[in-house]
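Alright, here's a single protein chain in two forms, structure 1 and structure 2, each given by itself as structure tokens.
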Structure 1
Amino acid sequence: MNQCEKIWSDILDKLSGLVSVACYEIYFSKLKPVVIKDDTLILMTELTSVKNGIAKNFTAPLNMAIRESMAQIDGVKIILKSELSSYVEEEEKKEEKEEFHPSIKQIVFQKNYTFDNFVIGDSNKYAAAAARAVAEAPGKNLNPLFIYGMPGLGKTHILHAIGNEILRNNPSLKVYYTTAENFTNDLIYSIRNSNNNELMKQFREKYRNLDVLMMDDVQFLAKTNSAQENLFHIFNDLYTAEKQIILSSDRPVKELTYIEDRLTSRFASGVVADIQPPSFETRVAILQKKAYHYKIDVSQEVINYLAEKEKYNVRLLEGMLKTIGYFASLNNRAADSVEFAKEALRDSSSGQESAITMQKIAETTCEYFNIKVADICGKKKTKELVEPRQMAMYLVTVLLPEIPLASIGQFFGGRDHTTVIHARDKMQSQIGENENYKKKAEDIKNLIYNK
């Protein structure tokens, strides 16, 4: 999947929760990503009706989805197939001059991700304080900084806030934000073109000449020796030069079992700060701030309803608020009642997600593999049961990240948390390396959401 396809896939994922299934299928599912030009994603359709329909009726949810997906673009432009040749030819000429993989382009920090609009509560105050200290004096006392917490609690927001603050105070510093996946992709590109020594030189210089390196989602760091070996040396070079290193993960350092000990020991050698799910009061404060930011006219009753409905994932909470706001704008009214909020969320993926349970995940996985739940929750370790059991455990950790690993192990036949970690990491690796496994996981997820 190239850069354009990945960005569009992320945007589509967010759009699916903002528009009806019918509108999604008619207007968005058939659009094809072409190229990124002047920070605008170019999409292609064969139908004028699709192009005009999106421009007329779906500009607001499309812009919301772009912001929500963290896509590093300013917007999208939809062209007809007849216009395609000029864009493709122009990009091909551009690529002829490209000396290195496009992902070396420094990600611009999201301007709306600042410390001022990050709501602080008991669940995140330590991480927020550490992040501020790093932003004020990078490379000094809190190095490295390792932040971890379940998906959707604000880790990426904090990293971007640090970046924005550092560059506001020291615009000349070289500050780079990346993900473990992009780091690996950069390395793979350089290795595949190993006959060009200049590429490997650029790769090393790119990371080792930084003043601040931020790496998001380190749990996705490739298991390959080359990826971990290169990060190990880059880490040492930056640390020795007193350059700031900031890392984030969806799990504690001790649960990164497939990453070499010499790396994890360095991850934990500085300050480790966790982010827990926010309290009801913090969730209310987050919703109030988001409603003000997005100019959504919503009553306190609705805010309280949302804060009770989603207790763990701030990203889902924000998505539900945006969905209600968009629904209210379509009906030219305020979101002033719980009944109205329920109507707005009736088809949203957020509403569906709250109905997901371990039992539902296990049942759906077993239906997919045509086996019994009792089998994957039993003691048998036959080949035909191992994959479904590991897939089910993996999906629980992804779809229900708030559930402790020990509880997952108990559900699946009284196994301990290390078995769950092994199953999760193995399946995650298989999905990343094998399209067949990736398709199985996506198929089962879709069955779960539509059940």
Structure 2
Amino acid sequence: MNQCEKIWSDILDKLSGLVSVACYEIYFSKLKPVVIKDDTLILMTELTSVKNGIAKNFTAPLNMAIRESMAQIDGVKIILKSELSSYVEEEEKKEEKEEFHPSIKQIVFQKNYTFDNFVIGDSNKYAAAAARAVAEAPGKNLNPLFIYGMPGLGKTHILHAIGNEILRNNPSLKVYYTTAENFTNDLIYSIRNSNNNELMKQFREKYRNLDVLMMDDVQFLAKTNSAQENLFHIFNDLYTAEKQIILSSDRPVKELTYIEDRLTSRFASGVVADIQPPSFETRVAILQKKAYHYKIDVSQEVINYLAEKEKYNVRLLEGMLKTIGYFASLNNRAADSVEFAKEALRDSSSGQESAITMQKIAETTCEYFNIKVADICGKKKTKELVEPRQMAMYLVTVLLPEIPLASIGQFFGGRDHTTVIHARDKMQSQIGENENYKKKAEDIKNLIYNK
């Protein structure tokens, strides 16, 4: 699956919970993802009726699905098959320029994840400065660079900004971005399919030839020997050759307990920079910048309201802003009052008449697992309770993105917001990896929608 297909399949996944089965089949299931262009995912259909039908009736659920899937795109555009050629030609040109080892797929750095678009405050100024220094002189002084912070605080944004900047200064450098998860998958694939170790050789080769290696979310590096062993050797080769290594993690090095000491000690051997949750002023500045970027007409009052509402996660802040902007454009007005913002956020969380609440999500999840609400809101950490609790927390973050994590933690037994983050991320990755979890989440969501 390439990047477009992956993004579209995530969006489809969300859509399936938002539109009827019949509409899903008729309008969405047969769209083909073609390419991402200017942060817009281009989808193709052969039928004018599908293109027009979606534009007329389904923009709301489609936008909601895009937001829920957290896809890093601004939107989608549906084109007819007859319009395809102009897009395909551009893609082919791009591929011709590929100078990497054939098995290395360069991602296109998000063009709006730049340093200019990154708002700096006390919470992230050290990380941003280190990132800039690395982008200006990769492999020179700050090697490796290890950035850590909770989800949604801009780590991926910074990595892309470094990539954009390095390639702008020196387009011939081989800059490779991957996630620890992809690295692991790539490795497993090479091991499984290796004939006479050929693929394995290629695997090492492709990493060792890089000028810059960025590995996002190293907390997802597999515990297996092979993943850690290979990364260790790649790390050493690149480091000795004075090639830049940049790592991100959602936790500090010392908490990466399942990663071998010889690796973690190397992770921490250069510059370690953390990103903290932004202050109120920084949250306001970020919202202003995003509103400008997405051309959302929103008043200062509403911006302040949002900045008060979510104190940690910039991704969620951005999600709320986009939702409000979307409702404003639907109603052909500016998002100029807190009442309007509240209404937009309330509506977006259900998409139906009966509002979805945290209580309802907890109740439905408990019904599904056949346990008591009091239990998942209690202190016990038995196996039977942990999974439903994490599932419920995860569903709240997905279905009610405007609820602050701290409030979710509070509701589920006075837990800390970091517990909610952990639950959400864990469930998210389990759903990604395991059909069984995916099905559970879908079933519960359907129960919630149909209540």
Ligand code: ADP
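The structure presented is a predicted model; accordingly, all values stated were derived computationally and were not measured. Please note that residue numbering is based on structure 1, beginning with 1 at the start of its sequence. Under this definition, the rigid core comprises the largest set of C-alpha atoms superposing within 1.5 Å between the forms.
A.B. asks: May I ask which of the two structures is the form predicted together with the named molecule?
C.D. replies: The form predicted together with the named molecule is the one given as structure 2; the other form is structure 1.
A.B. asks: Core-aligned, does P252 move its Cα 2 Å or more between structures 1 and 2?
C.D. replies: No, its C-alpha moves less than 2 Å.
A.B. asks: Is the shift of G378 between structures 1 and 2 large enough to count as movement, that is, does its C-alpha move by 2 Å or more after the core is superposed?
C.D. replies: Moves: yes, 2 Å or greater.
A.B. asks: After a rigid core superposition, would you say the CA of L167 moves by 2 angstroms or more between structures 1 and 2, or not?
C.D. replies: No, because once the rigid core is superposed, the C-alpha of L167 moves less than 2 Å between structures 1 and 2.
A.B. asks: Once both forms are fitted on the core, what is the Cα shift for T418 between structures 1 and 2 in Å?
C.D. replies: On core superposition, this C-alpha lies 14.4 Å from its counterpart.
A.B. asks: I need the CA movement of N57 between structures 1 and 2 once the rigid core is aligned, reported in Å.
C.D. replies: So the C-alpha of N57 has moved 4.3 Å between structures 1 and 2.
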